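Coming up is one lone chain in structure tokens, specifically the form predicted alone.
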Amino acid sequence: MLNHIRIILCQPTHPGNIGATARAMKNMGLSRLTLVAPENYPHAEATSRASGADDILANAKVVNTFEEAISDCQWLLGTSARSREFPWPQLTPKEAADKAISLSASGQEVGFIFGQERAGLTNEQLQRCDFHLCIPTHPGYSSLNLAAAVQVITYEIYQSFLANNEMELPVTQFAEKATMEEVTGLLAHFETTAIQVGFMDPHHRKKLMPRLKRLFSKAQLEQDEINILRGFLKQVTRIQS
């Protein structure tokens, strides 16, 4: 199960946090780390803070864009301490971990997304996620260090993994959910068609597209459903032309 779960750090600025993240992951049986445009990596401090989790760093996938990092994921869980304009389905760390273990048990790819130390995830990045999760903290000081946040989430993932093994729960079979790359293609196709048929003003797309992203996220589209919707959009375009 754990091999289908990855930790994705977006634009991390401090190499020590990357190393500490690798250590937290290895403590909890996770091995797949993705770094999106790290500011200062590789770095000696990352290796030092990894404290023996050098293999996690050595095998870390480094990419330039968020799209590259998530393209083959089927489920995304984004961490955020702030409420956003468009509310998204919210999970606690334990609920997120249980869901990730259940999904990964059926071979589906799950990504936990962590934002930059200073600003966290952008609205655009969070809108790509299926669920948001927030680590409960004392209201007097809610800011968590990046690596500390990763440690909390990976701990919950490992506890859920242990509980599933001890209880010998049957593996739940899920339909093949579309990847993020496939959903992105559908959104782009819908946007182009909506403009072409006059449903959407190309100069005022700010509200509609985020709402569509949320709709598709709630629907948890399968690959066959993506194909049906894109086929429908193609037919609409043919009729319009």
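Just count from 1 along the sequence shown to find any residue number. Here the structure is a predicted model, which means the values were calculated and not measured.
A second form of this protein, the form predicted in complex with a small molecule, is not displayed here; the remarks below concern that form.
Heavy atoms of residue 109 never reach within 4.5 Å of the small molecule in the predicted bound form, leaving it off the interface. Not displayed here, the small molecule is approached by residue 80 to within 4.5 Å at the level of heavy atoms in the predicted bound form.
For the chain shown alone, residue 75 is not a contact residue for the small molecule in the predicted bound form, no non-hydrogen atom being within 4.5 angstroms.
Contact between residue 102 and the small molecule in the predicted bound form is not found at the 4.5 Å heavy atom cutoff. Contact annotation: the small molecule lies within 4.5 Å of heavy atoms from the stretch 120-128 in the predicted bound form, the single such stretch among 120-128, 94-102, 157-165, 67-75.
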